[in-house]
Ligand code: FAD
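Shown next as structure tokens: one chain only, the form predicted alone.
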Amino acid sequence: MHVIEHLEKASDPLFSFELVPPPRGASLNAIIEIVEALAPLQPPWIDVTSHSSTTYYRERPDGALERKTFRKRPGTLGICGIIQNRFRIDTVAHVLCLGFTREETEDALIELNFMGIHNVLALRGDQPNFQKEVRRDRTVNQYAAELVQQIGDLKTGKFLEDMEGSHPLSFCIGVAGYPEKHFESPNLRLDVSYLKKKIDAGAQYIVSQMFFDNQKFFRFVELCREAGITVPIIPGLKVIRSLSQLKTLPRTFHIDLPDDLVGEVIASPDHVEEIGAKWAHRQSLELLEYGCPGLHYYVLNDAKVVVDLVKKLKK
């Protein structure tokens, strides 16, 4: 079922989750264990992130430097297939612009459709740490709105090249929104105007970047509605679990942490997980009171604290 159908048919708020593929060479068992923990909560869908290639240099025996390029976390398509077909939970595959050509994207989307996966989150992605050469016969999407347009074309049966016997591909398209603005945008209002372009290109719902101050999300929704964005907006939440995340989360995701939350964690560093869980619980209750159609939790690779939180909310 499409994400938008889940949202339209739901009589109660929905709780969805997001997972990260294991590092290259690691076992898939860890992901399966996380899904097994989440499955009793009956999530309508689970997101699986995607990652472009990265590069590094190593010294050869002769002293020369050799550049190696690889994907740190492959397997998005395969993990989606396992979750959807083994656990009967709809999956949302993340699809990136940067690091992939439009031709590679089309191939991946055809593969997803073949596997019965019909939900995607269209993202620009982070800038890769190297410039990938693009063959003259290949093209690229620079922005998420262009990627949304490409996926929308496939929904009408328009492929990059004429394909005999081809059929339209059935996809529900989600996009990301940034309550504290994307770090490259000069201000939130302009960032919302860029988001509107993604909606106009065919995106059907929005999932927000993580945030820890609900007032920022409420202001973001207000600006979206003023801009004419009417699609569902789902807040994304993360539970703080360690003292180190006070540094890593702002640095990685370009977000601010509220003074009260930071003060609590610093004052009681041995109780970070408890503090983070209580903060996320208060956030969740307020967002549900506000009327959000659902809550989306960034589980990453540890489900226990999120499982406990959602069980409380579903009582």
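Just so you know, these numbers come straight off a predicted model, no measurement behind them. Heads up: residue numbers just count along the shown sequence, starting at 1.
From this point on, the text means the form predicted together with the named molecule, which you will not see here.
To verify the annotation, which of these, 242, 166, 185, 139, has a non-hydrogen atom within 4.5 Å of the named molecule in the predicted complex? Looking at 242, 166, 185, 139 one by one, just 185 meets the 4.5 Å heavy-atom criterion.
Contacting member of 216, 118, 238, 124, with respect to the named molecule in the predicted complex [4.5 Å, heavy atom]: Of 216, 118, 238, 124, the residue with a heavy atom within 4.5 Å of the named molecule in the predicted complex is 124.
Given the stretches 224-232, 102-110, 89-97, 152-160, which is the single one in contact with the named molecule in the predicted complex, using a heavy atom cutoff of 4.5 Å? Flagged stretch: 89-97.
Between the named molecule and 143, 178 and 194, in the predicted complex, does every residue show a non-hydrogen atom at 4.5 Å or closer? Heavy-atom distance to the named molecule in the predicted complex: all three under 4.5 Å.
Examine residue 15 and determine whether its closest non-hydrogen atom to the named molecule in the predicted complex is within 4.5 angstroms. No.
Decide whether residue 207 counts as a contact residue for the named molecule in the predicted complex under a heavy atom distance cut-off of 4.5 Å. Although the named molecule is absent here, residue 207 would touch it in the predicted complex, with heavy atoms inside 4.5 Å.
At 4.5 Å between heavy atoms, is residue 284 in contact with the named molecule in the predicted complex? Looking in the predicted complex, residue contacts with the named molecule do not include residue 284, since no heavy atom lies within 4.5 Å.
The named molecule in the predicted complex - contacting residues of 288-315, heavy atom within 4.5 Å: Result: 298 alone.
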